[in-house]
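Let's start with one chain on its own, the form predicted alone, as structure tokens.
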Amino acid sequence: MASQSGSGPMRVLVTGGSGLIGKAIEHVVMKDGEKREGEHWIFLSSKDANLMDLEQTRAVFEKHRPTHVIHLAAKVGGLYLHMRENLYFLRDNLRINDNVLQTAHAMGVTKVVSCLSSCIFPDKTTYPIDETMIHNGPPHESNYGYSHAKRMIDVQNRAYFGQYGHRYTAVIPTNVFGPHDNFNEDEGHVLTAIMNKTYKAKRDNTTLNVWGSGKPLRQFIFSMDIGRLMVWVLREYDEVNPIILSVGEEDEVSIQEAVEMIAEALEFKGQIHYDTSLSDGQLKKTANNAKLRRYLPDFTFTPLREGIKLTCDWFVKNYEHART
């Protein structure tokens, strides 16, 4: 695919390329045959540049001269880490996002696709949530720092379009999980953190302790599906307004249901205890994927049970090297 500026082959720089979604995009592009003739893909990790530092950000852009950017890099963590460190999540992510977008602008990048999160939506709202509701009230207090920093990407995208005509946009995935995720019990996302806990409980013949009641509802999406959708957004989606990437409302499940699928995948037969003294976070954040379906009515998502099994198998096989 030629770059949209017509200046030659597309050179895609993926920030956060060693993380969950970055690895999924790499798999889709390099192993599933999505890479097109003439394209060049560069997957950055934190070892390549500290994107909180403007000079390092400029240097890595100068080195690779991208025509397109998929911006995934972020300071991320699990619910309880967010609750303890909201200020750090706010400041660090504001720096990263501003450095990437401003450097992309300064170097004439044709298109930037940034990754937001469903936690950016208002805590007090009506459901299902859609793309027009991002700024209709404050986010949940548990991770307001991260949420506000991510919201500002949407504000910046609109401002870059209004002032310079840039086609910078963003996607809003719901709860992503898959191989190469962070499985750390304190810092990981809910599913992968529970996978690690379940693995250890089976190994040590102990009770599986799950933080919270298990009642919150979530729309989980397998990382390889997000990888395919991100490549489509980069190539085909021409709006500045963000787009939700999610399974349908009918595929929403409780944390407890997901825990039971994980226990099944890892063949855990022991006791499961839900610690209701710990916060559940947001009880629901049901997202509407109607916009995505208007563009891609026939896209097939990986069933949750299958995605959980694939991720658990990867985790067991790569336990010594996984982020735990």
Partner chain sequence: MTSQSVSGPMRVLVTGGSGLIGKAIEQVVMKDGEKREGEQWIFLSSKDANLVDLEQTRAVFEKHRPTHVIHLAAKVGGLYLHMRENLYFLRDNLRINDNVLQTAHEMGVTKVVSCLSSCIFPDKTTYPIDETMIHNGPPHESNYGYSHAKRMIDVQNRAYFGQYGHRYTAVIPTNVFGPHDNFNEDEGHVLTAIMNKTYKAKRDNTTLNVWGSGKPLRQFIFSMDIGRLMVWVLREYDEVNPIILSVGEEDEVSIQEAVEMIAEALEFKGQIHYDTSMSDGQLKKTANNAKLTRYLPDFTFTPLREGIKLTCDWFVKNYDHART
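Numbering follows the first chain given and starts at 1. As the structure is a prediction and not an experimental result, all values here were calculated from the model.
The next section is about a form of this same protein that is not shown, the form predicted together with the partner chain.
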Can any non-hydrogen atom of L87 be found within 4.5 angstroms of the partner chain in the model of the complex?
yes
4.5 Å heavy atom contact, T126 and the partner chain in the model of the complex
no
Spell out, yes or no, whether the shortest heavy atom distance between A159 and the partner chain in the model of the complex is within 4.5 Å.
yes
Wondering, does E141 line up within 4.5 Å of the partner chain in the model of the complex on heavy atoms?
yes
Between the options P216, G248, G137, G108, which residue brings a heavy atom to within 4.5 Å of the partner chain in the model of the complex?
G137
Can you pick out, from R95, R235, H71, R167, the residue that has a heavy atom within 4.5 Å of the partner chain in the model of the complex?
R95
Looking in the model of the complex, is the partner chain within 4.5 angstroms of a heavy atom from every one of R91, M152 and Q163?
yes
Taking 4.5 angstroms as the heavy atom distance cut-off, pick the stretch from 219-227, 199-207, 173-181, 77-85 that is near the partner chain in the model of the complex.
77-85
Within 186-224, which residues have a heavy atom closer than or equal to 4.5 Å from the partner chain in the model of the complex?
none
